[in-house]
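Starting off, we have a lone chain in the form predicted on its own, written out as structure tokens.
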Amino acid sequence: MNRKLKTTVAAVALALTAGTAQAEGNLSIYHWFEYIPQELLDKFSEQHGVTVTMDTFDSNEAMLASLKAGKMGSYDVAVPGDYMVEIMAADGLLDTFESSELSNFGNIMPEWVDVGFDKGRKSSIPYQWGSTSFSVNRNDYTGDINTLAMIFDPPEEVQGKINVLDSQGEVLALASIYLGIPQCTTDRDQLKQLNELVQNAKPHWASFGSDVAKDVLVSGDASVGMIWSGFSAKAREEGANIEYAYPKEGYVVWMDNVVLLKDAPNRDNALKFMNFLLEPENAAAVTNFAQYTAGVSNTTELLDDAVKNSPESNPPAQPVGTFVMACSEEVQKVYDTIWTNLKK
């Protein structure tokens, strides 16, 4: 389900009271849902005298489709995942900037600067990183959960009680990991295996839903839920008796990023916002809210104990996580067909 929510974060009145900074324009953000605290947006608005609006999306693919369908030029920044940054750059959707334009550029953790999807960070800054796996209601299933079979060949106890993220890249990446085949494979037999796996698993899935991924675990409507690590931590906070799995075959890791969009109507304010998010205090505020991990230095001491110590934030050394790959255009067409048929 693609829920689009528009929130006016701050508005500057025509007659400003004494001591209030004069408004310096607007900022329009395209962001994941439930992923940034309102208070942080208010703080940016007040500090810079900028009117901020935000629309939300629930998958990388939905965001890309919306931009290509005519929304380019409507937003200043967006928050895509790692592989989607690479796709957007190849499609000419991103602007570039110099590191000198961001006074806080040096706060980026070294391992997140020279990344494969944006070498040297010319169009993006790191936002938060985490993992995609699944959580299991331990009231419904008490066996071993650390295998992707819980999603793709589930035990009888949870069949028909599984929610899967409405996220093509992550679902097909996990399916490829389970099969032990390369992502973006061009091998016809492997592509056939991939298609058969997800089609055979589909009858065991109750729903595709990203924006309900947490809620169905909290309510008990799902016994197993493919989920992002931070959403799993939030579901436990809300009382769900769930355990987050690190399947033996592997799982997905990701880095979400704030990108400067081509033809951004408020480029200067976009860069101010990106610089604002690179301040440790502000990056930590996002982590405490969303329960992922910042790509900014000196945030650890600013985190809540529950966030620092959650199992979702502390994966084991093995198995290791895998990033979603950006496929060639030819292969992506095949993946799109598999996904379209799966969603019918």
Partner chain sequence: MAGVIQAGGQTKSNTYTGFGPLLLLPSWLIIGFFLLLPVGMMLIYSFLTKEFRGGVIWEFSLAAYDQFLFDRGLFGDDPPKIEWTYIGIFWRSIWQAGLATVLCLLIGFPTAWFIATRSGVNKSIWLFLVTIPYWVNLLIRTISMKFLIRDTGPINEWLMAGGVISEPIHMINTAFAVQLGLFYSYLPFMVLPIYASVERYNFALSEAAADLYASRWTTLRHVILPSVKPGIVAGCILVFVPSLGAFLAPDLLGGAKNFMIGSLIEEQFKGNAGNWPFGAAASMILLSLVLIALMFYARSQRQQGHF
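Residue numbers count along the first chain shown, from 1. Nothing here was measured: the structure is a model prediction, and the numbers come from that model.
Keep in mind that the form predicted in complex with the partner chain is not shown, yet the notes after this line are about it.
Visitor: Among 278-286, 311-319, 65-73, 293-301, which stretch sits within 4.5 Å of the partner chain in the predicted bound form, heavy atoms only?
Guide: One stretch meets the cut-off, namely 65-73.
Visitor: Indicate whether the partner chain has at least one heavy atom within 4.5 Å of a heavy atom of Asp118 in the predicted bound form.
Guide: Contact with the partner chain, no.
Visitor: Lys192 near the partner chain in the predicted bound form, any heavy atom under 4.5 Å?
Guide: Lys192: yes, in contact with the partner chain in the predicted bound form.
Visitor: Hey, in the predicted bound form, is Val324 touching the partner chain, heavy atoms inside 4.5 Å?
Guide: No - in the predicted bound form, heavy atoms of Val324 and the partner chain never come within 4.5 Å of each other.
Visitor: State yes or no: in the predicted bound form, is some non-hydrogen atom of Thr147 no more than 4.5 angstroms from a non-hydrogen atom of the partner chain?
Guide: So Thr147 does not count as contacting the partner chain.
Visitor: Scan Tyr251, Phe273, Trp205, Tyr244 and let me know which has any heavy atom within 4.5 Å of the partner chain in the predicted bound form.
Guide: The residue from Tyr251, Phe273, Trp205, Tyr244 that makes the contact is Trp205.
Visitor: Checking a candidate spot here: are Asp82, Ser229 and Asp305 all in contact with the partner chain in the predicted bound form (at least one heavy atom each within 4.5 Å)?
Guide: The answer is no; none of Asp82, Ser229 and Asp305 reaches the partner chain.
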